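To begin, one chain is listed below as structure tokens, in the form predicted alone.
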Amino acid sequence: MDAQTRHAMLPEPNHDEEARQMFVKSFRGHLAANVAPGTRRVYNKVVAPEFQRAKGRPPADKYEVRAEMERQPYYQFWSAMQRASQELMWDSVIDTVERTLPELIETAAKLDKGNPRGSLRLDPSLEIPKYHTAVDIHLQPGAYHSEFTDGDLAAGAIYDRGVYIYLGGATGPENDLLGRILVNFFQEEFSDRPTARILDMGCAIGNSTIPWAKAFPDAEIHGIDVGAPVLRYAHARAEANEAGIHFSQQNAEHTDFPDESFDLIVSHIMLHETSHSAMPRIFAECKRLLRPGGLMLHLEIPRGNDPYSSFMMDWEAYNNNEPFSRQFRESDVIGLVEKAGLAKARFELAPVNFDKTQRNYGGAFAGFPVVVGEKA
């Protein structure tokens, strides 16, 4: 296997499967480094000047940019290839997971025996929210919640390998980039805050939860998600990585934790995968769960700072089954935080430091916005 760190739960590709996965990884890297920048040139040299001549002004917003760019053959070509690469990515990973699934389920069962550091609590009666069932998020077949066999954890195994390929390894060898970014941000900006109990909402496979367990080994760490398969995988993955985390199948809109249970609540690009109606309930639940003086930090997707970049950042919403991401960028998120009764609501930027091996993606954005709210 390439530079992704091997652990007991990571599906091991055979020679041909790995060759296919590395082709997809290289293909996506080529699109990011060599093809996608051409869309900016088309905008600068063709679309923007023609719009200026016709309207007497530059495009006012991303919607006016979209109307023009979608007629451009170069953009159509890049967009089609980007969509195809996403589908190829999942196809290449699924082959490995299907072949090794019985072994992975057996390994997970062994890791759960004896004296596990953490725990897993599932709720078969939990209603999966529509924003998960309506589409296969990121085009991942079956999304995060579908299961087809006893002890199914395929969705988590597919996600672990797929996400690494998705950004060409930019998530780091342990797929923990987002967790490390938010941990570093917290330690730099809020080092005086208590961390006895920490909750990670929408934790999926726990790849962003583990950095919190490593940074605060004396803390009690919890991770919740609505998908049972990703949680089974998350629990086994954490045990394989010697991280004690307590995972439970819950909806972040309304959990079963008692009032004032946590010092810190975090999430890693979760909010934009929910909905307009869910987000206020999530913030209200954060207020209920936080102890006085507690803090919530929701790391989220970049918003774009001009009509063209905002248009390009919406590509996932239109083409990669991220239906709420466009509306999320347009939402008054801070207003919703304030309405939930949390103090000092604001956006802050958590910087990203990509190394030279991740240069294809490092120029895409300077950092991730973090939604900050505090319990008075």
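Position 1 is the first residue in the sequence shown; the rest follow in order. Being a predicted model, the structure only gives us computed values, none of them experimental.
Note that the form predicted together with a small molecule isn't included here; everything after this is about it.
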- Can you work out whether the small molecule is within 4.5 angstroms of a heavy atom in all three of 157, 174 and 241 in the model of the complex? no
- Message: For the interface check, one of 286-294, 68-76, 213-221, 196-204 should have non-hydrogen atoms within 4.5 Å of the small molecule in the model of the complex; which one?
- Response: 196-204
- Partner-contacting position among 96, 261, 82, 274 - heavy atom within 4.5 Å of the small molecule in the model of the complex: 274
- Exactly one of 100, 251, 86, 92 comes within 4.5 Å of the small molecule in the model of the complex through a heavy atom, and that residue is 251
- Message: Is it the case that residue 226, even though its partner is missing from this view, gets within 4.5 Å of the small molecule in the model of the complex, heavy atoms only?
- Response: yes
- With the cut-off set at 4.5 Å between non-hydrogen atoms, does residue 164 touch the small molecule in the model of the complex? no
- Task: Using a 4.5 Å heavy atom cut-off, state whether residue 180 contacts the small molecule in the model of the complex.
- Result: no
- Task: Please check if residue 246 has a heavy atom lying within 4.5 Å of any heavy atom of the small molecule in the model of the complex.
- Result: no
